[in-house]
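Presented below, as C-alpha cells, is a lone chain in the form predicted on its own.
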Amino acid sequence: MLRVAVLVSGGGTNLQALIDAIADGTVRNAGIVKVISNKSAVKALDRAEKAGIPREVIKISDFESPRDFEKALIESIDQSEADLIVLAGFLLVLPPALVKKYENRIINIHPSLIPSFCGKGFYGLKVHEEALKRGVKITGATVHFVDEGCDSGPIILQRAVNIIEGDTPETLQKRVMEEAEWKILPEAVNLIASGRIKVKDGKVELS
C-alpha cells in the first residue's frame, strides 16, 4: 500500500476528495497515514479526524526559528513512513532539505493550467482573479511533482475548465475545484500507487 501524508493549510476540500476516492475504490492500493497542518483550527483537521486519520499541527510560531520548524516538519513526515507527500492547499514553501529527501515523491495541486498563472504569489483566489483579468477563455488545474522551484516541477495531469461569461473569482474557483482539482488529484495518486508514473529527463512518463 502506498502510504500518503497530506499537508494542508485550510478547508481541505482536496483532502476530502482524496479521502472519498480512497473510500469508494477510485484510488486503489493507497491510504492516508497522516494529515499535517501548519495552522490550527482549520476544517481540514476536522475532515481528517472524521475519517480517523492521524493529524498533527506544526506551526512556525511554535518554534524559535524557521530551521526548527523545518526540522519538526521533516521529522513528522519521516515518522509517518510516507511513500508520497501530497500538498493539498499547503501555503508554505517546502524546506529544500525535504524536497531533496523526497525527490519525485511530493505532488502538488495548482488551480491553473501551468505554466499560466503560477509561481510566487499565485494561490487561492489570486489565480482566478488574474485569469479573469487576462481574459483567458480556458483555465483548469494541474497536478505536478514538486521540485526546488515554485510550481515548476514535472507535470503529471492537467484538466481544462471553460470560463463562462459573468464568472467571478469565486464562481470560477468553485468550478475549477469541482471539475478539475477534485478529479485529477485522486487520479494522480492512483497512477502513482499503481506504479504507472516515472520521471525521465524532467518529464513524467505514463505506462
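Keep in mind that this is a model prediction, so the values were computed, not measured. For every residue, the number given is its place in the sequence shown, counted from 1.
The following text describes the form predicted in complex with ligand GAR, which does not appear among the structures shown.
Proximity to ligand GAR in the model of the complex, taken as heavy atoms within 4.5 Å, picks out 107-115 from the listed stretches 68-76, 131-139, 94-102, 107-115. With respect to ligand GAR in the model of the complex, the three residues G10, T13 and M177 uniformly fall within 4.5 angstroms at the level of their nearest heavy atom. In the model of the complex, ligand GAR stays beyond 4.5 Å of every heavy atom belonging to I85. Contact annotation for 29-61: no residue has a non-hydrogen atom within 4.5 angstroms of ligand GAR in the model of the complex.
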